[in-house]
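Here you get one chain, nothing else, as structure tokens; it is the form predicted alone.
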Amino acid sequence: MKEGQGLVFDIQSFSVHDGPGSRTLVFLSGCPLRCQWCSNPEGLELRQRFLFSQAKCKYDKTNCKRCLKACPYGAIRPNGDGKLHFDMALCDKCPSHDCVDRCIYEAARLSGKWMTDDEVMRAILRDSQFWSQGGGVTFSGGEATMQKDFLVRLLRRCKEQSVHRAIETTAHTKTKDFLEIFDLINFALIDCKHMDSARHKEKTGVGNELILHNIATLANSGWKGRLVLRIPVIEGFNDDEENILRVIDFMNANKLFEVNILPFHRLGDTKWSQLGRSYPYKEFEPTPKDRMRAIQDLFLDHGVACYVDEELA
């Protein structure tokens, strides 16, 4: 950690997802979960990660050797097929990443940039003139609550500027910190990946007790914001009727009325490859539309407003 700064691995402008209106999305690094289908693996750890894109590398076309000459550890070498091979175990631990500065094609890069409050606020307020009515900023990740102090400072500054504040979160954080953060939040999307703790841990690395406790505590705290549960629909994991009915029972018990279901996609595959890792869900197909409709109908039949994909009412 760098004192007074936060690690931001992306800022996206003009998003119409993850909250009402047009929004600026700020992605903070670090996450306590290890979801096997994660689409942002470069943001899982609270440190910069090295990525290499073979598709952007021009070694085979131009015989560029800038990164080869820059690497002091011999971690880069040509393959027999005329492409470069990076020893990712060495690259991920490299203290300098000289190859990143030398690569003119952006094939080698670092995820994440240490930023001050002022730098992030400039990016947010720069976009504010383009937000539609109800727009604002959404903090995501990774898991934004992992950088709690940095996040709270940004939320307070956004509140001072009358910026609408949303968060997309796993809710896996200390309840005290969770409630302190939500005191500054207007709108929330909270993941609900599986109702069975053992199954949840099998695919995410953690149980769900703290997550469900935080959701229930927030829902019964008198918080005035809007809360939408979000379920990434994963075939063979959480798309069965039994699990959906348990979600509905949990929502009814805590007077929650809105859920957003997201179809599985393989958008994270490229990033896993750039980190030198194999994507566990590489062979899985996107969730069929008829399965999404069936899950939506189940929620609707039980009086729960259910939004499919990233559309929110």
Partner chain sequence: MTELDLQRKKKLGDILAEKGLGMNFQYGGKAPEEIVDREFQDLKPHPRVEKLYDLYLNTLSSVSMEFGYWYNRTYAQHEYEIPVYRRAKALAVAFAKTTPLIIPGELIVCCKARYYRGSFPMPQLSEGFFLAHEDEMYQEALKRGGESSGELSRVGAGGGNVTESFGKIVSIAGKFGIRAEEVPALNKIAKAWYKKSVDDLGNRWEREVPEYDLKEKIMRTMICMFDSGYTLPQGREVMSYYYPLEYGFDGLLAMCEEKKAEVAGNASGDGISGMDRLYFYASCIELIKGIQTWIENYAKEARRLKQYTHDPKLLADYDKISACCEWIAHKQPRTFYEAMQMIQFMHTITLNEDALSGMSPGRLGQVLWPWFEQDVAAGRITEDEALELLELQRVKFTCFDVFASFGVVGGVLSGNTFNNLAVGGLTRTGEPATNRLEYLMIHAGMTMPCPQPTLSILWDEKIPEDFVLKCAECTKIGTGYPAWFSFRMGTEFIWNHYQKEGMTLEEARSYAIGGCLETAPAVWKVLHLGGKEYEVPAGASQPAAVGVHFISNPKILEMVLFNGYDNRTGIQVFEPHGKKLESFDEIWEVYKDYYAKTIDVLCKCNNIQHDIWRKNNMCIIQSLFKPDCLDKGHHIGDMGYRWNGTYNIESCGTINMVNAFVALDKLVFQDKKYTLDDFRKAILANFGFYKADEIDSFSLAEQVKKDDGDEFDAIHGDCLQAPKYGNDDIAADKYLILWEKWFTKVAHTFESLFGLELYTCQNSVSTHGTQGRACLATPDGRLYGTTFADGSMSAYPGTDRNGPYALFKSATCWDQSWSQNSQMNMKIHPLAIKGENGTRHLADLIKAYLRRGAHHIQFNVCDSKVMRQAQANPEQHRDLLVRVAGFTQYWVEIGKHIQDEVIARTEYESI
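Positions refer to the first chain, counted from 1. This one's a predicted model, so the numbers in the text were calculated from it and none came from an experiment.
Unshown form predicted in complex with its partner chain; subsequent notes refer to it.
Contact with its partner chain in the predicted bound form, defined as a heavy atom within 4.5 Å, holds for exactly one of 277, 34, 282, 61, namely 61. The closest heavy atom approach of residue 127 to its partner chain in the predicted bound form falls within 4.5 Å. With a 4.5 Å cutoff on heavy atoms, residue 258 counts as touching its partner chain in the predicted bound form. Shown alone here, residue 133 lies within 4.5 Å of its partner chain in the predicted bound form, counting heavy atoms only.
Its partner chain is not drawn, but in the predicted bound form it has a heavy atom within 4.5 Å of residue 105.
Taken together, the three residues 17, 303 and 312 all lie with some non-hydrogen atom within 4.5 angstroms of its partner chain in the predicted bound form.
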